[in-house]
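Quick setup: the C-alpha cells below cover two forms of a single protein chain, split into structure 1 and structure 2.
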Structure 1
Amino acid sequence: MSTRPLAGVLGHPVAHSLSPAIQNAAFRAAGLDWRYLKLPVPPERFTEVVRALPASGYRGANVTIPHKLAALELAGEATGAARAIGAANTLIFRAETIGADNTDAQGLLEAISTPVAGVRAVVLGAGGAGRAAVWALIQAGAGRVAVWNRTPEKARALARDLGAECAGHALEGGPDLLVNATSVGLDPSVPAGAALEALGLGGSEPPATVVDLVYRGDGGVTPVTAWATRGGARTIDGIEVLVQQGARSFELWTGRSAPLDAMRAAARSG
C-alpha cells in the first residue's frame, strides 16, 4: 500500500483528461504530498477496480464517461444531490465505506457565474453529465429546462425522472441557454460540420449563452464552442466547468479550500 495519498480519474476513454494536471497543481499549491493519476477502466472492470483502490492508497476519485451511473450504484453512501441526479462524479474512500457525490451540478453553475433563474434552457445529452446539468438548472430556478438526446427514449426518461421537458430538437422553443452534455466534439477526427449535424445545430444560430462540457486535451476548440463563438454567443467551455467541479472534489477529499487560480492556470496550459 502506498504511503502517499492518491486520487485519480476513472473513465473509458480517459487519455484526454486534464484532471491530473489540474489536481496535481492544486495539491502542490496547497502544500499536499498527494498524487493524481489517470485510471482507464472499461465498464466490465469498474466495480472490481474501484473496490481495490483504497487498499492501494487512494483517498478519492473522479468519475467520467461512461461510469457515473455505476459509481452511484456502487457507493455505500451518497449525498442528496447525487441521489437526486442519479449519477456520481466524485468518490470518497472512507474507512468503512465508499461515499459518492456529484460536483458536476455545482461546477456548472459556478462556471456559468450569472443567475439562471427564469432562463429557458436546453440540455443536449441524457447521460450522467446531462442529468447533473438538468438538475442543477432546475434547482437554480430556470424558467424552462428541456432535454434533447439522439435517442429520444432516453431524453423522455430523464425528463420524467427530474421534472424537465423533452425537446424535439436541439433549439426548440428558442432557448436563452444551451448546454452540450454529450460527447460529440471529443473526437478531433470527426469533421466539425458532422458534429454539429449530429446535435441538430447545423445551420442554426446559437442562443445567448452556450456551455460546452466537452473539451480537448490538445487545446483545440470544439465544434460547439466554435459555432457559438461565430454566432456571437457568450461561451463557457468544458475546461472552466472541469476546474469548478474539480475544485469541489478537491475540497471533499482534502478538507482544504481549493486553489482555483492554480487549477485554472494548469488547465489552460495543459
Structure 2
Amino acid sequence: MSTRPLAGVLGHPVAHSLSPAIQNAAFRAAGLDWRYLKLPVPPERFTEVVRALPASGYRGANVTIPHKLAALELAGEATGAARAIGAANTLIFRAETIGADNTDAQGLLEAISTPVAGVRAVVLGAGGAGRAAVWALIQAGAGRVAVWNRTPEKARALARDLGAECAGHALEGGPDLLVNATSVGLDPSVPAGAALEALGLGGSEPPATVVDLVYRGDGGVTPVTAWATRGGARTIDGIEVLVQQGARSFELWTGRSAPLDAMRAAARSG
C-alpha cells in the first residue's frame, strides 16, 4: 500500500488546470515524495468527495470553479481572508478538521512584489477574483481602491461590502495600478481590440503597473498584458499570480518554503 502523500485540484471542469504541473514540479524540487492530481468533481458530489480525501492519503487540495464557496462552507476552520473574500481556494486536511484558506489575495500581493501602501488602484471585475483583489489591496493599505464592472450594480455591492469605491470607467482618476480581474482576454477568438474596448481601455495609456489575472493555457499573450507592455507599464501576468497563490498553498500543506523558480518554469512550459 502506498503511503505517498497526495494533494489535488478540485474543479468542474479541471482538465486544463496548470496546477498539477506547478505543484508536482514544486514537490520534486523540494525533494518531497508527494503527488498532485486533477480531481474532476461535479457540484453534487463535492462534499462527499472532499470528506473522503483525508482517509485516502490527501493532505490538502486546491479548489477552483465552481467549488470555492462550497469549500468554505464545509470547512471546520477558515482564515479571515477566506471568510472576508467569501471563498476558499485551498483546503488543508488536518488530523481533527478541514481548514480553509484563500491564497488568491496573498498571491496577488506577492506577484506585485512592491509595496502597495498608498497606491491608487482600480480593479476591473466584481466576481470572485475581483473580490479577492479588492480585499487584498485594501488589507495591504492601498491609498484608494476603486472597482469597475460591466454590470455596475455588482461593483456597487462589492464596494459597499468591502469598503472600496466605485469607478465610472477603468482609468478613472489616473490610477497607479490596474488589476484585470474580469474574464476578458480568456477567449483567444475575441480580437484584442474588442477585448480592450469591452474594458474601456482602447486608445488609452496604461498606468505604471498592470496586473492581468487572465492567463491562457497555451501560454499566449493576453490583450491586457500586450496593451500594458506596449505602453511601457510594469506588467504582471496571470501565470505569475497563479504561481504565487500556488506557492502559498504548497507552504500551507508542507510547511516548507516554495521552490518558486521550479514552479514558474513548470507553469510557463505548460
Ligand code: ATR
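What we label the rigid core is the largest C-alpha set whose atoms superpose within 1.5 Å from one form to the other. Residue indices: 1-based, along structure 1. Predicted model, so just to flag it, every value in this text is computed and none were measured.
- Structure 2, rather than structure 1, originates from the form predicted together with the named molecule.
- Relative to the superposed core, residue 76 undergoes a Cα shift of 2 Å or more between structure 1 and structure 2.
- Relative to the superposed rigid core, the position of the CA of residue 25 differs between structure 1 and structure 2 by less than 2 Å.
- Here residue 226 does not count as shifted, since its C-alpha moves by less than 2 Å between structure 1 and structure 2 after the core is aligned.
- On the core-superposed pair, the CA position of residue 15 changes by 3.7 Å between structure 1 and structure 2.
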